[in-house]
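As a starting point, one isolated chain is supplied in structure tokens, in the form predicted on its own.
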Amino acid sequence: MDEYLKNREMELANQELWESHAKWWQENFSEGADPEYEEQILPIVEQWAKGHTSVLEVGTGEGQVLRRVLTTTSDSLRLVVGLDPALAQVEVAKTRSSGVSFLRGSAPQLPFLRDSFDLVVACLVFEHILEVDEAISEVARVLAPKGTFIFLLNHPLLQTPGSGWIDDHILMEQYWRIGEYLTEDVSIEEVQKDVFIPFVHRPLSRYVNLLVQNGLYIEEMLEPPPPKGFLDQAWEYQEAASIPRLLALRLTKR
């Protein structure tokens, strides 16, 4: 019980951080501002979302992923829902999108009936969720049999605490240092001055085993290199261009 209360307190603090920094996200990662979304993430989701009729996005933010899905696959869609714990995101999403129902809610407690959707999308969300077991279980519950789960993460290799591109002036070489990859870790990172965002590092095996336990099986996995637009802006990342920043999984519920 003490552990449960501790996790709930941390989850509420997590939600408060996202609530207070929603504008930072909206200004820097939506409406064409972020090349990784424009050149890589949105095209992947668009391709994998084709042919589905009912879509839920968990952690929808201001709705840019669902706007792309709705624009490109609208002929087949009959239900499109976006869920986010931050009211500041949901309110903006409603002003930027039409044809989508936006609700406030959290991944560990999805307010939908079993088998409600044939597609669930989670885009760069689960690395910020503390209650991952409950959240994956909820995704599997609301996803219909043979439905698709599009699961995108900041690559666990990239998010490992202590990892990064090292310019060693003593050895006169450059290399990618990997931190304690197998250790699950929760950290609060200052991603911009006075903007603090929670990150949860988990090894890939933690996610894959949890997905399989809930009847979600990988059909396709992508580890694309960073797109050109990102590399043009991030000169410091040029030498690490062979290190994937994104992990994309397309899963089916059996």
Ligand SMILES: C[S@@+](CC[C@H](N)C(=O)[O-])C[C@H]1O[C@@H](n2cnc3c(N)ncnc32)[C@H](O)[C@@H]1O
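None of these values were measured; they are calculated from a predicted model. Residue indices: 1-based, along the sequence shown.
Below, we refer to the form predicted together with the ligand, which is not included among the displayed structures.
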- Message: 85, 108 and 123 - do all three of these have some heavy atom no more than 4.5 Å from the ligand in the predicted bound form?
- Response: yes
- Query: Hey, in the predicted bound form, does residue 64 get a heavy atom within 4.5 angstroms of the ligand?
  - Reply: yes
- Using a 4.5 Å heavy atom cut-off, state whether residue 69 contacts the ligand in the predicted bound form. no
- Query: Given that the partner is absent here, does residue 128 sit within 4.5 Å of the ligand in the predicted bound form, heavy atoms only?
  - Reply: yes
- If you check in the predicted bound form, is residue 59 within 4.5 Å of the ligand, heavy atoms only? yes
- Query: For the chain shown here without its partner, which stretch in 156 to 164, 92 to 100, 77 to 85, 175 to 183 has non-hydrogen atoms within 4.5 angstroms of the ligand in the predicted bound form?
  - Reply: 77 to 85
